[in-house]
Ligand code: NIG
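Starting off, we have a lone chain in the form predicted on its own, written out as C-alpha cells.
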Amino acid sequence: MSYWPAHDPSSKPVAGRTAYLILHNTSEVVTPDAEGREILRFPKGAIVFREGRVLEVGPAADLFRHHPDARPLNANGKLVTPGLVDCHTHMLFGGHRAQEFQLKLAGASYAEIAAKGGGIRSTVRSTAAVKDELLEKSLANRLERWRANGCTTVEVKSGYGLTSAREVRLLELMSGAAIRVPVRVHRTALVLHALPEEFADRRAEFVTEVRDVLLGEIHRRGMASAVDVFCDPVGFTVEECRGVLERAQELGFPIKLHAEQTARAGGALLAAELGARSVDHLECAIDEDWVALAAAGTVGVLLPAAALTLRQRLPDAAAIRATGARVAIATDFNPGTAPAQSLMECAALAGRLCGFTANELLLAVTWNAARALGAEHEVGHLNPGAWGDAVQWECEALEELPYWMPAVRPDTVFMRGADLALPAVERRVWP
C-alpha cells in the first residue's frame, strides 16, 4: 500500500530492502499493537527485518530459533521503538520571525501582529524571495534533522505561498527535497491559510479560486496526499472551509483542519461531520468537540509548542481519555508560533502540561500520528508487515523518553530495516 502518488520520488526504493537481520540485545522492544489500542513491551526482545518489513517481533531466544540465517545486529542493551511520526509541520519556509516572538512575549496577540503586516504574510514574503534551490536544500536539511531526532515519517504542509502559483511551487519543492533525505514525506496542501495581499478586497473570489482552480491543479499533477485548511476567526469561516473541503473530497483527497486555536469556531465539529483524518490545535475545544471526534474516528492533534508560545492552555489528558478520542502530538514546526525542532521534546511538554502517561505519549507520536496521515497500516508500529522503521535510543526504558529534557537522542535510526546512520547507504544527493 502506498501513501504517495505513484510518480512521487519520495516513494523510490532505498538500499537495504533485501536485508535479513535480527536486532537483538535490547533492553526492551516497545511498540503499539496493530490496532493502536495498547503498548506491547518485550523485555530483552528482538525484531527480525526482511525485505524492508518487520517479519517478527518477540523474545530474542525464540526469534533466533525461528531465524537462524538472519544477520545479528547488537542493540547494546538499549530501548527500541518504532520510528516516530511528526504529523504536522510547516517546515518549508524562508526567513524567521524572531522579532515577532519578542512582541508576543511583550503581550501582543496573534491577531494584532497579523494586522500590522506580520504573521503568516511576512513569512509568505520571505519565502517568495528565496531561490528555489535554496528553499529545497533548506527543507532537506530540516528533514535530516528530524530523522536524526528519530522521526522516520514527516508531514510537510504548503501554506506559505497562499496564491495558486506560489502554492504549486512549494509542493514541487517538497518533492525535490524528499529525494535528498531518507525520510517518508507526506505532502499536504494547506490551501486556506491566510488571505493573500493580492486578494485583500476579494475574499470570496480567493476562496472560489482555491476551490475551483487550485484543488484541480493539485489533483491533476498528483502533488499532495491530503488537503488542509485553517478554520479560525483569524483564518477562514466554517462555511468557507466547508466548500473547499467538500470539493477536495469530491476529488478524492483526505482532509485535515487547523481548528479551535484562537477561539472555538466550529472547526472541530466540521472535521467530525466530514470525516477528516485529523483536526489540529484544539486549544479552545470543549468536551463536545472531543466526543464528536471520537465518534467520527478523527484524530485530535495537539501542538504543545504553539500553545506554549501563545500562552494557551492544553486540554487535560483525563478529560480526553473520558471521551475515547485518539490523540496525536506534533511539533507544528513553523517560524511564527512553533519554532520547535524535536518531536520528543514536544511529547515531554505534553506529558507535563496535560498529564499523559509514557504509553499514551508513545502512541501519540507513533500509531495515532500515523493514523492522522492515513499511514497506520505501514508505519508507527513494529508489528509484522509494517515497514522496518525503528529507533534505537540512548536509554533503556520507555519511561525515560518523556522524562529527560533535552530529549533523549537516538543511537541508531532504521528505515525499512536498514541502518541509515551513514548517508552513503541511500546513494542519494545530500545537501
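Predicted model only: the values in this text are computed from it and were never measured. One-based numbering along the sequence shown.
The following text describes the form predicted together with the ligand, which does not appear among the structures shown.
R147 falls outside the set of residues with a heavy atom inside 4.5 Å of the ligand in the predicted bound form. Contact annotation for G336: at least one heavy atom lies within 4.5 Å of the ligand in the predicted bound form. Looking at K256, you'd find every heavy atom of it more than 4.5 angstroms from the ligand in the predicted bound form. Residue contact check for V185: none of its heavy atoms lie within 4.5 Å of the ligand in the predicted bound form. Contact check for W290, R326 and N368: none of the three has a heavy atom within 4.5 Å of the ligand in the predicted bound form. Checking I320, I120, A177, L361 against the ligand in the predicted bound form, a heavy atom within 4.5 Å turns up for just one residue: I120. Among T298, S342, T81, Q261, the residue placing a heavy atom within 4.5 Å of the ligand in the predicted bound form is Q261. Exactly one of the stretches 161-169, 72-80, 86-94, 203-211 approaches the ligand in the predicted bound form with heavy atoms within 4.5 Å, and it is 86-94.
Along 191-207, a single residue, H193, places a heavy atom within 4.5 Å of the ligand in the predicted bound form.
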